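Here's a solo chain for you in C-alpha cells, the form predicted alone.
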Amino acid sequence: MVSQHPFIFEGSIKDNLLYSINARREAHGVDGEQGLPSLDEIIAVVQQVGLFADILRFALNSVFKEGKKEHLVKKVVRVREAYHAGHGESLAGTVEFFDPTRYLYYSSVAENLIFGTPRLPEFEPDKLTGNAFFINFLHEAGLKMLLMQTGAELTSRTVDILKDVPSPDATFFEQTPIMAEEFDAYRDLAFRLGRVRLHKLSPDDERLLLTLALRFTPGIHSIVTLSPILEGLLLSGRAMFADRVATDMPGAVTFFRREDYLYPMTVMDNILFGRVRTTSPKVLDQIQKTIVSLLIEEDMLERILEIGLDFQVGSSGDRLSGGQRQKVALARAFLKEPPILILDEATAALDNASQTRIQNLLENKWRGSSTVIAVVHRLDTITNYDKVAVMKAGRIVEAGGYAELMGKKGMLYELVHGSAPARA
C-alpha cells in the first residue's frame, strides 16, 4: 500500500527501497544477497517512478572524505579532463572554469584570493576578517586599503540607492553584497564615512568594509565595477597568498589544481572545476546530461548512483520533499512486485508529468499481473481501470466500467463535467 503521506524510515534511500523485501527475507530466515534485487533492477524502478534525477543530484552533490572512495576519485578526475576537452570551449560562456591566470568574476574577492577550498575554519570566506594571518597578508600585499576603498564604494552606492526605499526586502539587495538585515549597520557606516577618513576608522568599521569587499562578486554585484588595477593586484595577491600559505601554514588550503581531486568540494564541482554563470534550469539540465553521458563512457554511472542511493533521508524522511517521499514509497512498492497494490492518493504530491508517468506504468506493466486498487481525485487517470466505484458521504453511489458509467450520465458523468465532490 502507498498512501498520500507515506512513512519514510530514517536511513538511506536504499534502506527504504529495500525495507519490505528485507522484512520478508528476515521473516523467512534468508541471509546474504539471496532474494535482493540487483542494482540494475533498483535503478530501473527508480527511473520508472521519476526518482533517477533526484538520486543523481544527491550523488553529484556528495563530498568524499579524503582517503575514501579512491577508486572513484581518479575516475572523476578523468571525467573532468574529458569534460573540459570535449565541452570546455562550448561552455566557456556558461561555466567560468578555475584558471590560475584569470580573475573569476562569478567568485567573490575572497574566493579569488584563496583560489582553493579551506581546510581550516579560520580560512572560510566569512571568517577571514577575524583571521590575523590573512589580515597581515592583505596589509603586506598592499591590498588592505584598496579593499577598504572598495567596501566604502559599495556601502555608499548601496545606501544612496536604497536609503529612501521603505523597508527594502531581500530582492533589493541582489546586486550588492550587503544583506537586507545588515542595511541599518551600513547606513550608519555611510554616515561616518562622510566625516572620517578611511585610515582613521575604528577596527569595527574597518572589519565592516573588508567584509563587504571580500564578498564582492563582480558578475553578480553590478552596483559597482571591479577596476582593472584592483583586478591585476588581486591576481598577483593570489600567487603571493599561495606562497605564503605553503611557507607558513602548509595544508591550510587545498588549492585549485586541474590534476588534483578537491576533497572539500562536491563530485559535481570537481567535474565542472568552475562556477556556473547562470541559474537557468535549461542550461543546468544540459550540463547534467553532458556529465551523465561522460559517466556512462567511463563506466561510472552505476557507481555514482550507488552513492546517491546512500543519501541519508533524515528523521521520517525530512530531508526529502513531499514528491520525493511519494516516489520512494512507490518505488519501494514496485520493487516488491506485490499481487495486490493499493494506492491512496499516492501521486498527489507529484507534478502532472510525473503523475502521467506513474499512470502509464500502472497501465502497461501491472495490467494482468497485479490487482491495482486506487483512490483518486484526478478523474483523467481512471479511464482505463476495469472498474470504477464512485463514493459520496462514505458510501458507494455507483460502480461499473468507465464507459458504462459515463453512458448512464450519473454521478461520475457529473464529476467529470464539473459537479458535486466525490471520490473515485
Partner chain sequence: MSLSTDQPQPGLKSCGFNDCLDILRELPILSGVPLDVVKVLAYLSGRESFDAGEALCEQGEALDRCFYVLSGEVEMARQLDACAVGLPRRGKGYFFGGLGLLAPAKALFAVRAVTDTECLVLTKEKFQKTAERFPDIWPKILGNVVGHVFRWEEAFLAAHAEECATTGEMGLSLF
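Think of the rigid core as the biggest set of C-alphas that the two forms share within 1.5 Å after superposition. In this text, all values refer to a predicted model and were calculated from it rather than measured experimentally. Residue numbers count along the first chain shown, from 1.
Keep in mind the form predicted together with the partner chain is missing from the figure; the text below concerns it.
- Checked against the partner chain in the predicted complex, the candidates Tyr261, Phe311, Phe133, Phe172 yield a single residue with a heavy atom inside 4.5 Å, and that residue is Phe172.
- The single contact residue among Arg78, Lys127, Arg277, Arg119, judged by any heavy atom lying within 4.5 Å of the partner chain in the predicted complex, is Arg277.
- Screening 242-250, 292-300, 159-167, 205-213 for residues having heavy atoms within 4.5 Å of the partner chain in the predicted complex returns a single hit, 159-167.
- The partner chain in the predicted complex comes within 4.5 Å of a heavy atom belonging to Ile223.
- Although the partner is absent from this view, Tyr105 contacts the partner chain in the predicted complex, with a non-hydrogen atom inside 4.5 angstroms.
- Residue contact check for Lys282: one or more of its heavy atoms lie within 4.5 Å of the partner chain in the predicted complex.
- Mapping the unseen interface onto this chain, Gly232 falls outside it, with no heavy atom inside 4.5 Å of the partner chain in the predicted complex.
- Residues are counted as partner-facing when one of their heavy atoms sits within 4.5 Å of the partner chain in the predicted complex; in 142-160 these are Leu146, Gln149, Thr150, Glu153, Arg157, Asp160, in sequence order.
- After superposing the rigid core, the C-alpha of Glu174 moves by 2 Å or more between the shown form and the other one.
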